[in-house]
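Only one chain comes next, encoded as structure tokens, the form predicted alone.
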Amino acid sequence: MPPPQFLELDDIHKRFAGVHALRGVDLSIREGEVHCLAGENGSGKSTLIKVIAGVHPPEEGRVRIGGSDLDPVTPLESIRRGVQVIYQDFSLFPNLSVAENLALNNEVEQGRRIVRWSRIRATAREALARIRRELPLHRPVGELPVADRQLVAIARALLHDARLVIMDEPTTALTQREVENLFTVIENLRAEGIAILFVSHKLREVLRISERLTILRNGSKVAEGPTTDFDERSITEAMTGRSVRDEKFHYTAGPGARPPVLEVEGLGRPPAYRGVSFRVDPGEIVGITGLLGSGRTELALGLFGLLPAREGSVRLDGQPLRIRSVEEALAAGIAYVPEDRLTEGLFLEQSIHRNIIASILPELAGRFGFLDFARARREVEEWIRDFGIATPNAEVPAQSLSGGNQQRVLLARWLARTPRVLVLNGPTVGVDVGSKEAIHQRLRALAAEGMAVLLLSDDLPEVVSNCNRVLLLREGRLAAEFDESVTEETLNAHFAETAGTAGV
């Protein structure tokens, strides 16, 4: 006999300022089931999560949790029924320790006025025992790796007798090894009868971890069923409403001998990386991958002048180049798209207009130093149209856009400078499959125009399908180089070897 239904949503409707965010959505989750919710940015996933959590009460439809109808649905009642949501930012206190983050809610709920550290630590140990993990209880959460912060958020949720844990894009910032650890935790929770609603853009993870799948598009449910009934292509087509191309990038050298755009020789900034040498020819997309701590991000920051290299040399179009600052990198024609667009890339509260022109303000200034507003407006409108950025106008704040549109704004900012070398660190982290395809096609078009592209990523399908060469970093050194015939299996084998040498 199958487990009973824990969550049942029937004919849910929700509107915001005339936008029909949810259109008659049904969703059911059984006890102990891992259920995936998939859809592009703007499909209604976040709104549906907030309906379940009681943040956005539905205008029509029924919400049934734990066998009882909730009317109205409130955050407190949702929590009382066993629903816990782990959002992408984890909602933790970075300045407090692991133990304090885990025990704080219990202490407040029970009206404690005197802190007993023995009780705090006991509560924290109990929470971590539920997920079979150990973390340094005294360490501030803000100093933990992303994967460990996520474990703290999961452990805290379980302290509240969670029966349904909703994980919103839980693997966005995790390496492959950390994803495996998270999946182990999810399997343990499932074995205890705790249901998981897993929200993700990463289709391979969806197919691997979930038992059932619900797909939203434009606020409506367009597909549902056992995960075994789907594959990556069918999920993608349901999410986007179209067939998404999955072609491999092929590099073709132009006529005649052309010097490399970028030459790196013995570059190093110990202990992060050392002795790194490679070249990127015009029109190449060269991938750089490696596990967490491999030095790939530090290498990118070195090329952009944020963490200048201390050893080795760089040549651009055959000319020696010393990169000691961001200003020198930009002047030479190097642009960098960071991995975390929210904290490192965008000015979230500023308009799309201001975000795009931020990198070309001197070029837009007139002879007396005043901004040419008409030219700036034309430039921004052209990039919005060229990139297909979905926005009512250029003056809305960047934070109001979906993840995919935010990433397009960030790319537009740097491409406005027409760089010779484009360095991208995780260019499609947290974006949906439609936006991902659009970004990949754009990179290929830029390469076809002769730009040199460096793509840093641990998303192996992205690296394999979009790069004509792949460099593997291990503990700060270049460990291997592969041509365009490299497969995901080959790279995975090297990752496993790396993990083994690290004693994992």
Partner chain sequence: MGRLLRQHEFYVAVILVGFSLLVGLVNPAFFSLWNLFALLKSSAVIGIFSLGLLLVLISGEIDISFPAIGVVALYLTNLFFSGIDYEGTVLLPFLMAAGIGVLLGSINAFVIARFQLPTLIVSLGTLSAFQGFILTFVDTRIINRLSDPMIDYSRSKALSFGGEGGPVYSIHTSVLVFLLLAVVTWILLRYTTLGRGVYALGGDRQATRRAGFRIWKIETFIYLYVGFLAGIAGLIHSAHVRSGNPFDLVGTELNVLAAVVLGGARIGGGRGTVLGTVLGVLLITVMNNSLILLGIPSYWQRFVTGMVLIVAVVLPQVRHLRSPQPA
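As the structure is a computational prediction, the values presented were derived from the model and not from experiment. Residue numbers count along the first chain shown, from 1. Note that the rigid core is defined as the largest set of C-alphas that superpose within 1.5 Å between two forms.
Beyond the structure shown, there is the form predicted in complex with the partner chain, which is absent from this document and is the topic of what follows.
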One stretch from 102-110, 222-230, 123-131, 180-188 that, in the predicted bound form, holds residues within 4.5 Å of the partner chain by heavy atom: 102-110
Contact residue in the predicted bound form, from Glu192, Glu395, Asp71, Asp89 (heavy atom within 4.5 Å of the partner chain): Asp89
Asn95, Gln319, Ser234, Ser277 - the one with a heavy atom within 4.5 Å of the partner chain in the predicted bound form: Asn95
Ala253 within 4.5 Å of the partner chain in the predicted bound form, heavy atoms: no
The partner chain contact in the predicted bound form: Val115, any heavy atom under 4.5 Å: yes
Partner proximity in the predicted bound form: Leu137 to the partner chain, non-hydrogen atom cutoff 4.5 Å: no
Proximity of Leu307 to the partner chain in the predicted bound form, heavy atoms at 4.5 Å: yes
Cα displacement of Glu344 between this form and the one not shown reaching 2 Å, rigid core superposed: yes
